[in-house]
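Below, in structure tokens: the form predicted alone, a single chain.
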């Protein structure tokens, strides 16, 4: 297996695939190596990880207020 030196642009293009775990082992290792040496890309990856975590934690839902539900029902009834 050959190691590739990725540019920041290549890492950012593949970042979401990498974070989703949908990249092959060689590609993942290439990105890992890049993130170890590039502070900017590492910071971006960590930001995206934290954002995903916060989004997951906030993923629960609260019922819509009755006023909003009534408005939506009214709009639907018109169509």
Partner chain sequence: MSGKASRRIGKQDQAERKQRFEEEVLRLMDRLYGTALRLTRNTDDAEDIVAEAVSKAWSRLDELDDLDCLPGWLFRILNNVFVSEWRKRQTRQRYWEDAKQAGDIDAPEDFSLFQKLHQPFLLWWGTPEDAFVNDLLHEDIQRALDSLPDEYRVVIVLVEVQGYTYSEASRLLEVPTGTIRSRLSRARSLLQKALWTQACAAGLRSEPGDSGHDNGAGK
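Residue numbers count along the first chain shown, from 1. By rigid core we mean the largest C-alpha set that fits within 1.5 Å across both forms. Owing to the predicted nature of the structure, the values given are computational and were not obtained by experimental measurement.
Only in words, not in the display: the form predicted together with its partner chain, which the text now covers.
Asker: With the cut-off set at 4.5 Å between non-hydrogen atoms, does residue 25 touch its partner chain in the model of the complex?
Answerer: Residue 25: no, not in contact with its partner chain in the model of the complex.
Asker: Within a 4.5 Å heavy atom cut-off, is residue 35 in contact with its partner chain in the model of the complex?
Answerer: Outside the cut-off, so no.
Asker: Applying a 4.5 Å heavy atom distance criterion, does residue 29 contact its partner chain in the model of the complex?
Answerer: No, residue 29 is distant from the partner.
Asker: Sequence order please: the residues of 16-46 with a heavy atom within 4.5 Å of its partner chain in the model of the complex.
Answerer: The stretch touches the partner through 16, 17, 20, 22, 38, 39, 40, 41, 43, 44.
Asker: I want to check residue 72: does it shift between the shown form and the other one by 2 Å or more at the Cα, with the core superposed?
Answerer: Yes, residue 72 moves 2 Å or more.
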